[in-house]
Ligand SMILES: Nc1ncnc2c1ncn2[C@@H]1O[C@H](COP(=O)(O)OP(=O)(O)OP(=O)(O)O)[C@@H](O)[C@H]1O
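Presented as structure tokens, the chain that follows is alone, the form predicted on its own.
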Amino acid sequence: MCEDRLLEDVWREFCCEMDVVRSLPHLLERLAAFAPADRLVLRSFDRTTCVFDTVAVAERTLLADALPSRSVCLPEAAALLHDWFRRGEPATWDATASDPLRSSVVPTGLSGPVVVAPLADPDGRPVGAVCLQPALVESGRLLRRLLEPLSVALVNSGRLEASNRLREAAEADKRAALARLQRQDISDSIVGAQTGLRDVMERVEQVAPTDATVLILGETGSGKEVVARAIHARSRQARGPFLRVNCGAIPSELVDSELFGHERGSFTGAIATRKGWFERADGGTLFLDEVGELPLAAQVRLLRVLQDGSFERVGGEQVRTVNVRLVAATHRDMYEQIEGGYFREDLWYRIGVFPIVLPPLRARVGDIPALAAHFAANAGIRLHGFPLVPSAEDLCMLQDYAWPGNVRELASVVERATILGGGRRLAVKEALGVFAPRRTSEERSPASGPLDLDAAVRRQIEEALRRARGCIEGPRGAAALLGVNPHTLRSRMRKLGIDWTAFR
């Protein structure tokens, strides 16, 4: 009868408190009233990655150092693990024994005998494990009666964590949207469109009305997203959504779920069906920033979407189709990525249909005064209520700086100068700092402005011709390496005065 009361108390505790980190110590105290109980460990199990994670640890006394949170199941333990979950009964193990099953389930750091029991959801699918010390007969008997509430508590904890992640993501999206509304950045009217970015905007006007995939190449902070938005605004998908995905910020194990979505129950924490970025961007433009960071497994699925517009959600069987305009961007040298085996060559040919090379800010120094004035006016209004104007001395210092962070760094420096100036002036000298990298005399040359884009294109073409040994057409030709039409490449070579025979 007392054990029945214990079971009722446990159910009540888990119903009132979904956070198992808080509720597990209370459970340990109740267990200690019936049998010796010093440590209780609750671990979740991810069926997709075959990984155990420690969710909560309760200790009546400080027994040892903090337990490692994660342990990967060994391949040789797969069959043993399946059989152990199927039996569903507590067992006493030696925590220090070196066998594959124990090493997979029990966290390192435990020593001596331990009662271990598998946990499953109401559908019988494995969700985790529970460990109890000391390992006594009555401890195992009590733990057997508590497997169901512990399983429910673990499932609810996963749902709570997923809900918190969704809420945090929604709040981050809200903050980002409010920030975009509060500041008018250069995406509204592209500063330098008629000067340093003239060639870039000509290519934008050429490709925007088509459905061709665009690859934007440029250094970090040079304005790749601004160009992507300009393409979207001038395209047939302009009325649809524009979604940006930073491929480098997605954990490798979640790339498929983020890009293509997942079905409910497809993995631990998948408490609801979720649309991926491709479905959410249907009818619009999907901007894959830092596409060179995608893992190879995700590159295979991305290639299929680009080929026929179809994909399947993680854990789903239904083939779905979308109509999405893809714009990709990267700051990496894609030829080195391909040669190093980090990026698929066939995917490169798909995303590199129409490459646009974005020049760094140091290559278009003539745009710095207009950009600085734009950022100073916006920062002054946002921070102090009235616009600020950079002086001639300010502009000289800004034009003499190397700008390794490009336009993004310029915006940060101007905002810092606005704060340091107290709203009365721009403290550019203090914002740049004493050890600011300065441009060389060659970089300061006025002729190095708009012509540097042609120089960058020339270097790309000459490098491709060198690798192709002067061959322009064919699967290994320079046009294929650059991802452009051979006729387009010949036209550009004539304009730049490049002789292909010199590379044979």
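One-based numbering along the sequence shown. In this text, all values refer to a predicted model and were calculated from it rather than measured experimentally.
In what follows, reference is made to the form predicted in complex with this ligand, a form of this protein that is not presented.
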Completion exercise
Of 275 to 283, 212 to 220, 396 to 404, 418 to 426, the segment with heavy atoms within 4.5 Å of this ligand in the predicted complex is residues 212 to 220
Exercise for the section: State yes or no: in the predicted complex, is some non-hydrogen atom of Phe375 no more than 4.5 angstroms from a non-hydrogen atom of this ligand? Expected result: yes
Handout entry: this ligand contact at Val353 in the predicted complex, heavy atom, 4.5 Å
Key = no
Handout entry: Close approach of Glu258 to this ligand in the predicted complex, 4.5 Å, heavy atom
Key = no
Problem - Ile231: touches this ligand in the predicted complex, heavy atom cutoff 4.5 angstroms - result: no
Exercise for the section: State the residue from Arg362, His262, Lys224, Arg325 whose non-hydrogen atoms include one within 4.5 Å of this ligand in the predicted complex. Expected result: Lys224
Exercise for the section: Name the residue from Ile190, Ile381, Ala162, Val152 that puts a heavy atom within 4.5 Å of this ligand in the predicted complex. Expected result: Ile190
